Structures are given as structure tokens and as C-alpha cells.
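Given next, in C-alpha cells, is a single chain: the form predicted on its own.
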């Protein structure tokens, strides 16, 4: 724990109060929900912690726009909620089972995972693939953007002055699957992939593929998605997809894995996820 300069703790009764407190600290306040990333934060300037777990942002709801997930919903709550377990072929539950361990999932929140968005993290890759929309508020107004577009901005600066309210996951006529490789069951990813397919009359009507921990944050592969459209799903197509990924994906090296290794594994994981998604889509 590095937060040795904290002077005050606040329990916000609603989002308005939390935002007012955040502004009052003039950059030296921090929002607290699960606190997993905050506990290991390198920041030494935080004077006030503002707990938002009592602001009514813990929920999983279905409406015409899709699945709405409140920002302070814990990963365990989301994992075991009936709506999330049914969504898009069960990809939320499939992903969350591979995130850390139950003790950590009991406190970590979906909002925290979205805002921290570590390059090696699994949840951002899933959200990008699913086309999730983020909604947040600052003291002036409420804003929204796709998670994919949000991650192309200086998003951490946004949440120094704003609070993430919820994520909206659109309805999909098809299924998604998730795969990752780590050193052990609870390890952070060396590479992860989330892929989804929709079939119509035996051919691929839409495709979404995102690869993360490259070691950069999860991004979609639009050139691969376009290649898959209109094709009949079979092993030859998956093999071609694997070869295309190995040829074109942008990867790098870090202390955990080499770029060469990631390139090979990315092709294999993409082939595997596409094949699994197609198999689930026709059942």
C-alpha cells in the first residue's frame, strides 16, 4: 500500500456528492470502489478517498439498448448474474472466470477494470470486441463513447475529474468466446483474444476480433473481420485467418514474452476462438 498521504475518507451518498468532493480536492482526490488498483497506485499526491459503492451503481439490467452494467458491480456479481451468463453465448462468464482469483473478483469492479485498462488485462479486450459503450459524468455534463474509441484518448485524464456510471453492451445475434494464455490459471495474460461471429444462411454475416496483451491494450482487427464476411465457416477459413494474423498483427516484446512468440500464439488463439464461436453459433 503506497497511499500514505491520505488525510480523509468520504462515503459519497450519490454521484453528485462524489463529483463535488472530487472537484474540491483539485486533483488530489481519488474515487474508491473495489480499490484493487488504487492500493497499488504509484500516486503519492492523494489526500482524499471518495467511496462510491453506496451511490447506486451496482446492477446488471437488460433494456432495449442491451445489457447495462453499473460501474461498481463486482466481477463476482457480474460473473454469477443470470443475464450476464446468458449474454452473447456466455462470453462474460467465460472471460471473468479467467480473471485473477475469486478473492480478488469479490472486490474488483467492472468500472475499475474499465478505467485502469492495463495493457495485459482481459476485460478491456472483451469490452472492445463486444462494442461496449461507456457512460460517465463530470460536474458539467454526462458523456458517452464506445470503449474502443475511449481507449484511443487520454482516458485516464478524463477520470481524474469524472465518474464512470455504467457500461452498455449491445445485443448481438451471434456468440462471442474468449481465450487467453498466462503462466498459470490466475496470471495476467501473455496474450488474449475475444472473437464473435454471427451466421446467416450458413455464411458469416458479421465478425468481431480483438487481441490484447500484445503487449499493448486490446484492439480489434478490422482487416480480419472484413476478410471473414460472407465466407462459409470451416477449417480452411480458420487456417487462413491464422496465417493472416501471423503476417499482419502488430506485436512487441517485453520481459514476459517476445514479439516472435506473441505473433505465433496470436494466430493460434484467433483460429481457436473463431472455430469455437462458429461451433457455438450453429447449435
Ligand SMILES: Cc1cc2nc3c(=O)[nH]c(=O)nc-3n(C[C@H](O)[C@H](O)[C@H](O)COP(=O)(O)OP(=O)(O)OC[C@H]3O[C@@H](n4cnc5c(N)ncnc54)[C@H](O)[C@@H]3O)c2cc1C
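Positions refer to the first chain, counted from 1. Bear in mind that the values here come from a model prediction, so they are computed numbers and not experimental data.
Heads up, the form predicted together with the ligand isn't pictured, but that's what we're talking about next.
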Of the listed stretches (96-104, 146-154, 195-203, 208-216), which one has a non-hydrogen atom within 4.5 Å of the ligand in the model of the complex?
-> 96-104
Is there a non-hydrogen atom of residue 187 within 4.5 angstroms of a non-hydrogen atom of the ligand in the model of the complex?
-> yes
Is residue 254 one of the residues lying within 4.5 Å of the ligand in the model of the complex, judged by heavy atom distances?
-> no
Contact between residue 37 and the ligand in the model of the complex at 4.5 Å, heavy atoms?
-> yes
State yes or no: in the model of the complex, is some non-hydrogen atom of residue 164 no more than 4.5 angstroms from a non-hydrogen atom of the ligand?
-> yes
The one option of 69, 221, 228, 52 with any heavy atom within 4.5 Å of the ligand in the model of the complex is 52
Across 93-116, which residues bring a heavy atom to within 4.5 Å of the ligand in the model of the complex?
-> 98, 99, 100, 101, 104, 107, 108, 109, 111, 112, 113, 115, 116
